[in-house]
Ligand SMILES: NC(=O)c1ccc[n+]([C@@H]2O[C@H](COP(=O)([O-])OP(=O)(O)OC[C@H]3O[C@@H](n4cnc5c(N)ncnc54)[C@H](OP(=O)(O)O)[C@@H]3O)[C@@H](O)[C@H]2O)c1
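A single chain, nothing else alongside it, follows as structure tokens in the form predicted alone.
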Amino acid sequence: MKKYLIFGNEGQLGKEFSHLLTNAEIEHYGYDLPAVDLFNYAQIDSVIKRHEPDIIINCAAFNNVDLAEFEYEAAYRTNVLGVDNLVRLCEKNDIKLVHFSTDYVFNGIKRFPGLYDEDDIPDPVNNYGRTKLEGEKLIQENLENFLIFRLSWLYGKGEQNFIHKLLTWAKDTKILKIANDELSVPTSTRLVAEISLKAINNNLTGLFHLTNTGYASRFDWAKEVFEIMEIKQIIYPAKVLDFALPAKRPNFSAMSNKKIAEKLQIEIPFWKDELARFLKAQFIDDNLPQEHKYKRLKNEIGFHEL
């Protein structure tokens, strides 16, 4: 049975992989900052020698899009130089590298109508996207046994996602303004981890877009969350420019999952269905009547009216 090593195991995606591998009773080990820094070649080399993994899953990344505009060197250190260390050590030890990138490698202005596919030419508009694209190139140019998955609008258990921020904002604000001119695909960590492991088990290699099906604006996403959870919240559509964010975002970066779906012969859930599944698992209160099945206890979620 294959042995796995996860970097970034304390993030929402890393935790999902750890959960699935533990349930499947598959041997795996995980590391995160400050215990291990991808920038430290000797440190990574030591960890690899200790565990001798067959597969490295790299969930570690500098993914604060706005902060990357001010701290480019820090983003470059993790997203490029750290990846370079993994590439060299995977090549040296004959290890399969599974790495995660982003829809932000695209500029949001697709030449032909439709979703972005793997043949579209990247053109990032911010430092985060630039460093992630450089990491992709390092892998593609130096390894044969790799998987790169481009993700978008990732959410899962924890506080590192839009859903957690949305519910936090809603506790303190009666009226929310959410951008309706930035479109991509809300995608769950469960989906990403399960399909990634399936791709590994099927010996796939190469670059794939891995998202739920369909696309939405952040306004659509927020509206769906409140509707599913039966939370009375006023939200107004706004423009990305209204928020004066440091980093430019692509207005439309929704990607097609057709390639990975066809390779694995699977049907990938629509984003709304996956969202309902996630919210039900996270926030359900079985003690409430059926008509309120998505509502959570007041003292858990913090809303006065549910």
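In this text, residue numbers run from 1 along the sequence as written. Just so we're clear, the structure is a prediction, and the values are computed from it rather than from any experiment.
Here the subject shifts to the form predicted in complex with the ligand, a form of this protein not shown in this document.
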Is I260 a contact residue for the ligand in the predicted complex, using a 4.5 Å heavy atom cut-off?
no
Looking at the partner-bound form in the predicted complex, is F106 within 4.5 Å of the ligand by any heavy atom?
no
Can you work out whether D32 and the ligand are in contact in the predicted complex, taking contact to mean some heavy atom pair no more than 4.5 Å apart?
yes
Is it the case that Q12, even though its partner is missing from this view, gets within 4.5 Å of the ligand in the predicted complex, heavy atoms only?
yes
Want to guess which of 228-236, 195-203, 153-161, 111-119 is within 4.5 Å of the ligand in the predicted complex, heavy atoms only?
153-161
In the predicted complex, do G8, C59 and F100 all put a heavy atom within 4.5 Å of the ligand?
yes
The one residue among N126, N85, N212, T78 placing a heavy atom within 4.5 Å of the ligand in the predicted complex is T78
The unique member of A276, V36, A254, I55 whose heavy atoms fall within 4.5 Å of the ligand in the predicted complex
V36
